[in-house]
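The chain below stands alone and is given as structure tokens, in the form predicted alone.
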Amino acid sequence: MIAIEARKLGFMYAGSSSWVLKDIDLEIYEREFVLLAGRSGCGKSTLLRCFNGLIPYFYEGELEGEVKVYGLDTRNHPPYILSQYAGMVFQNPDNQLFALTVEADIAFALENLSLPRDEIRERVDWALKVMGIEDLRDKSPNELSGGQKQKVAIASILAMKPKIIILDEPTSSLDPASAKQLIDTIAELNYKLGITIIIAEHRLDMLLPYVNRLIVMNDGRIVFQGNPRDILEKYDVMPYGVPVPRVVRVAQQLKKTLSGSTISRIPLTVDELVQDIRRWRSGK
């Protein structure tokens, strides 16, 4: 089933004379894990804002084409409706956390929907458990680390029980260990709960093992999209500001230099590369 559909989508911010998005045609399906990649300013964040109604409701400008979220046209349905289908986690969690406690932050949107108190309590408990942050319930967001804040921000979205979670560079301010832990948690939401994940990120090395589709953007357009292995095998993505993981670069060099190499696929993890090298050695 199609979760998000964009047709001839274009957008220009108010006061600008250039289009940030141009002729975007895209379908994202239920349970997909989609990674948007490209250099800063290529349109990734703007595209994400179109997926939950922030554009056109909160960002002024000229919008062309259409975006539908589970069949709901984003021009005709405000974000508080669309957020029940597609929730968004921003780059800086401090933009989403403002209550005195973690529990209150997670409950805030649910209270605005006038849900019964028992249901709010049940959803908050569930979101805390899923994100593994039950011990943070009574803490102030100001006491938390960057990684913990991002988990709370995701929990506040998760409590809405959306079918889609959209994340805009959520690891940008995190150290590598915290980023890896957060990405693993996001992947579990996709694998265990079947939530569609759409994420804009630069840390391809951590994300590619989980991703179903890689979308490379440049100058407001989609230049490549497809299976990550296929994209990295067929195309040079470096000119578009996409950092190719080291394991991929090593494998590409080995394919050129090893006689009779069995590295027939692009590995996305070190373990995959090691397995390919072992097969090559055993065949010598």
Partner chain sequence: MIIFENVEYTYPNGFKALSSINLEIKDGELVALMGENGAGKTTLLKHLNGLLKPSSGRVIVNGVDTRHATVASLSRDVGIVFQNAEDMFFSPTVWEEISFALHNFGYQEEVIKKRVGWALKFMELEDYRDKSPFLLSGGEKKRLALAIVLAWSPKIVALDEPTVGQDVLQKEKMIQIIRQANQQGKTIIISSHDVEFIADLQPRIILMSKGKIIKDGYAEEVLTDLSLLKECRLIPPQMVSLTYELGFLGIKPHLGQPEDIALEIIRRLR
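Numbering follows the first chain given and starts at 1. Since we're looking at a predicted model, the values are computed, not measured.
In what follows, reference is made to the form predicted together with the partner chain, a form of this protein that is not presented.
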Among 39-47, 61-69, 25-33, 228-236, which stretch has residues whose heavy atoms lie within 4.5 Å of the partner chain in the model of the complex?
39-47
Using heavy atoms and a 4.5 Å cut-off, decide whether S140, D184 and N212 all contact the partner chain in the model of the complex.
no
The one residue among R123, K180, K163, H77 placing a heavy atom within 4.5 Å of the partner chain in the model of the complex is K180
Partner proximity in the model of the complex: L254 to the partner chain, non-hydrogen atom cutoff 4.5 Å:
yes
Should M217 be counted as a contact of the partner chain in the model of the complex, where contact means heavy atoms within 4.5 Å?
no
Quick one: does I195 come within 4.5 Å of the partner chain in the model of the complex, counting heavy atoms only?
no
I'd like to know whether M12 contacts the partner chain in the model of the complex, with contact meaning heavy atoms within 4.5 angstroms.
no
Just give me the residues of 139-178, first to last, that have a heavy atom within 4.5 Å of the partner chain in the model of the complex.
G147, E169, S172, S173, L174, D175, P176, A177, S178
